[in-house]
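Take a look at this one chain, the form predicted alone, written out in structure tokens.
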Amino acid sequence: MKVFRSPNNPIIKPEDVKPSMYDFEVIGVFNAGVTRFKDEVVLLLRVAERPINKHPDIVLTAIYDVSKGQLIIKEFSKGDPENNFSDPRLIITPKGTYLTSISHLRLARSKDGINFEIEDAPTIRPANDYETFGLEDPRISLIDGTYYINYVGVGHFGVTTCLASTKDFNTFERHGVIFSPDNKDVVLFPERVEGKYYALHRPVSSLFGKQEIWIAESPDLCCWGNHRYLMGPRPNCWDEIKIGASAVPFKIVLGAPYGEQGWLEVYHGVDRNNRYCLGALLLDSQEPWKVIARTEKPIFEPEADYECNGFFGNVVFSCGLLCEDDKLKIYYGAADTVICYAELSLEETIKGLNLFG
């Protein structure tokens, strides 16, 4: 698959983002939700930050203290053999697991889709028991004139999916947890199907360790049921370990001789080397729990230096794209460090689904 990467990549770097506190540093800005609002491209960034640390023998991180209504700093000794720092994203201790950073969501706006003005303060920040370790990976779905934002809440209870909404990107209403632990990679379909809302989600089985894509339906976007298995990883393939939805699905017309519509979903898959790539699948337009086709090979994989090297390397991960001018305009996190932009041909992506021969 031919991929055009912006020569401006990375288009947003950690040093472009102002820390939320004077004694914090931004270590990653990635996995942004995207939409168009009026005449601008709007990104809702995941901003990961941590306390500035000048001591080589300790690790500092921040968590949200609900009783105090603010972030507090926790300290972990590198010299304690019971503390495990092998994964740069985690601090594993006998008393529990913590994250090495805490994330919030931050707005950025652009006229041309490449050069963004980033707000100085967090837009949505940790605020309750389900978000004590931060907010992650937002997706934005425009439904009936309202922009619905689902995001991952991380806390002592586990990984949940929460919902917020806005009409103007100035004020936001929170609607609480919509998928209980452990569940993430949720995308909301941008319109109702036969009067029902639909969402793809990714529950995790603690017993069997499976991480597969499911689909659920709802009458109101808050109460979800009729959960159904959609698809799972494939042995000896680029998505053999785990998969999850990435961008909000959108409708396409397949064209002659098919003349049918379907939902195109760009999803992510992980191989045995922890390499994150993007693929595509096609769902039936009226029965979205039916998979019509799926790409055998990735449509986008980490190749550039900024995708292969970073906080967590060999990662391209998208929470949003714009389908315009017969192109997939993908905003993606690279190596869990920066935000980049790439374009793929919609026609080539559809052909990769093996519908045409």
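The shown structure was predicted, so the numbers you read here are calculated from the model rather than taken from an experiment. In this text, residue numbers run from 1 along the sequence as written.
The same protein also exists as the form predicted together with another copy of the chain; that form is not shown, yet it is the one meant from here on.
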If we test each of Leu90, Ala121, Ile114, Ile72 for a heavy atom within 4.5 Å of another copy of the chain in the model of the complex, the one that passes is Leu90
The one residue among Lys167, Lys78, Arg234, His156 placing a heavy atom within 4.5 Å of another copy of the chain in the model of the complex is His156
Counting only non-hydrogen atoms, the one stretch of 273-281, 218-226, 243-251, 144-152 within 4.5 angstroms of another copy of the chain in the model of the complex is 218-226
Answer with yes or no whether Arg106 is in contact with another copy of the chain in the model of the complex, where contact means some heavy atom within 4.5 Å. no
Exercise. Spell out, yes or no, whether the shortest heavy atom distance between His201 and another copy of the chain in the model of the complex is within 4.5 Å.
Key: yes
Can you work out whether Trp263 and another copy of the chain are in contact in the model of the complex, taking contact to mean some heavy atom pair no more than 4.5 Å apart?
no
Handout entry: 4.5 angstroms heavy atom contact with another copy of the chain in the model of the complex for Leu163
Key = no
- [ ] Identify whether another copy of the chain in the model of the complex is within 4.5 Å of every residue in the set Phe133, Ser180 and Asn183, based on non-hydrogen atoms.
- [x] yes
